[in-house]
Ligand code: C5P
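Here's a solo chain for you in structure tokens, the form predicted on its own.
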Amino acid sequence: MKLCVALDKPTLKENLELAQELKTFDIWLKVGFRSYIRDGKQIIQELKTINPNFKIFLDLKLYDIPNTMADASFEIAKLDIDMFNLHASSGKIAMSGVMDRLKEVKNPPIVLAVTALTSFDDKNFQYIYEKKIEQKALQFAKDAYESGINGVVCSAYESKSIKATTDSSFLTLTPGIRPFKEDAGDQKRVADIEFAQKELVDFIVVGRPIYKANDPKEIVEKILSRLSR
């Protein structure tokens, strides 16, 4: 299991200071909507300057018509990133189109499909998708797997069943991890490290428990210690 640290600080300077503090660790860094819209390619370039071995997850959750998604994915693959994501609800045609387009790229990044955002509870999810989270997440994961996508973004509660439905090597990345049972905030389906390990999660994303800590480096050390058990 790999740790992915969310860079969701209010400014580029603060995100880079956090990355500088964590530069000796073997971790992934997540660059999301806020940071990328504000800072663009610069943040990726600066992060790779701090540590060329940092793995970058560009979390933009693409969702558009198939051709636009394929074009956008091709441009993303030109950036110095290692993983990005799109919405599984964009459909199999869009997902297959993205993977076909990325065949034109040497060493393409990992592509993940978002199943159900961890900010959803079952009631609000069902209002939009007309099925329970677990049921629809499995369907989305199956669609992504059949479209050639490398894995999915899901909660820890769906990870093991998704792997059972698809393949053990099909990646699962889980946001909303509260490593030491911190407050859930705006997340609904949170989990701790032990539960994520039991559910065979491949990547855990941790944000606020790290970047809001007085000593982020100490928190990362504690998390990595847990992951190595």
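Don't overthink the numbering: it's just position in the shown sequence, from 1. Every value quoted in this text rests on a predicted model; they were computed, and no experiment measured them.
Missing here is the form predicted in complex with ligand C5P; even so, the following discussion is about that form.
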| query | finding |
| --- | --- |
| Close approach of I223 to ligand C5P in the predicted complex, 4.5 Å, heavy atom | no |
| Partner proximity in the predicted complex: K61 to ligand C5P, non-hydrogen atom cutoff 4.5 Å | yes |
| Close approach of K55 to ligand C5P in the predicted complex, 4.5 Å, heavy atom | no |
| Contact label in the predicted complex: G207 to ligand C5P, heavy atom within 4.5 Å | yes |
| Options 170-178, 195-203, 38-46, 62-70; stretch whose heavy atom lies within 4.5 Å of ligand C5P in the predicted complex | 170-178 |
| Contact residue in the predicted complex, chosen from A94, I133, V114, I149 - any heavy atom within 4.5 Å of ligand C5P | V114 |
| Heavy atom within 4.5 Å of ligand C5P in the predicted complex - qualifying residues of 1-34 | A6, D8, K30 |
